[in-house]
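One chain is shown next in structure tokens, namely the form predicted on its own.
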């Protein structure tokens, strides 16, 4: 091989090996010396499997013979063939055939793709980090959403969520000419409970009341804390105004739960007022005002622990 060809091979930034048909090394460029630590003098005229033991495998021998016989090309990726060279770096291998003066040769080209693997690894790590960050953001979003729309103490809807849902149900009722009910619930004698047993017990009472209301209502009803010891319940999709009695009676019958505070039994008593769209108003605030008045009638005339609708037609 002439000096010009040697110079060309030695200036190529790839590992170049040329084999004869016996798979003996005919050329071994400088880049191969660098990446393998094997000199050209040591490599030349030796079988490729002797110099690079990984090529002793049958499928490499068969592949190289197929290239010699058919003239096809073979490609071996660093991802699947990590140990082609005794190196910490990654190399793709392309095997193709050469012919000079009716003599066949094999050309082996080792291309360093370590940077690509490093970039891929970094990309995978970056994607993994993004996934973790995204998961944490979603978890924080849930927490923020809960804080924004749910009462921290009782876990029921807060005023913000209540009004959002109330406007939707009101719009639906207007479109379908249907009835929307609203219940205003107040815990009887709650100030006295706080003053006598302390705010910690008062909080337990509010949590218990919220649980009572959730258990007594239907799936589509909305239980919300209006503030202090006041709660609201939206009753969408009711067939007629008298349907509220079912829910109100259920609350009365299930609210006999007690809070046991160091042996002191505290009975929970609730007063409820009920109003309806469209008879009591065409917006949520009017319904709340009417239900609030009805609640005070239940608390006053009926001696608490009772309910009354806005028209004061009490059971």
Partner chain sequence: MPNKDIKFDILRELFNISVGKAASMLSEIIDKRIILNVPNIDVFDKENGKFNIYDYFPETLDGTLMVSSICFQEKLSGKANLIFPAEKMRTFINLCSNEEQCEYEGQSFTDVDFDIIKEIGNIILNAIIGEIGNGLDFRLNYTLPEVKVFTKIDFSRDIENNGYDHIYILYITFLIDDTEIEGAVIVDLTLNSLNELKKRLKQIEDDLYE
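Residue numbers count along the first chain shown, from 1. In this text the structure is predicted, and so the values were computed from the model without any measurement.
Here the subject shifts to the form predicted together with its partner chain, a form of this protein not shown in this document.
Have a look at 149-157, 162-170, 122-130, 199-207 and name the one stretch with heavy atoms inside 4.5 Å of its partner chain in the model of the complex.
Heavy atoms within 4.5 Å of its partner chain in the model of the complex occur in 122-130.
At 4.5 angstroms, heavy atoms only, are 187, 226 and 237 all close to its partner chain in the model of the complex?
Checking in the model of the complex: none of 187, 226 and 237 is within 4.5 Å of its partner chain.
So, residue 107 and its partner chain: in the model of the complex, are they within 4.5 Å at any heavy atom pair?
No, residue 107 sits far enough from its partner chain in the model of the complex that none of its heavy atoms falls within 4.5 Å.
Looking in the model of the complex, any heavy atom of residue 282 within 4.5 Å of its partner chain?
Flag for residue 282 set to no.
Can residue 135 be called a contact residue for its partner chain in the model of the complex at 4.5 Å between heavy atoms?
So residue 135 counts as contacting its partner chain.
Wondering, does residue 112 line up within 4.5 Å of its partner chain in the model of the complex on heavy atoms?
So residue 112 does not count as contacting its partner chain.
What is the one choice in 214, 81, 174, 245 with a heavy atom within 4.5 Å of its partner chain in the model of the complex?
Exactly one listed residue reaches within 4.5 Å, namely 81.
Heavy atom within 4.5 Å of its partner chain in the model of the complex: which of 251, 27, 68, 51 fits that? Just give me the one.
It is 68 that has a heavy atom within 4.5 Å of the partner.
Within 72-106, which residues come within 4.5 Å of its partner chain in the model of the complex, counting heavy atoms only?
The stretch 72-106, when checked against its partner chain in the model of the complex, contributes 72, 73, 74, 75, 76, 77, 79, 80, 81, 82, 92, 94, 104 at the 4.5 Å heavy-atom cut-off.
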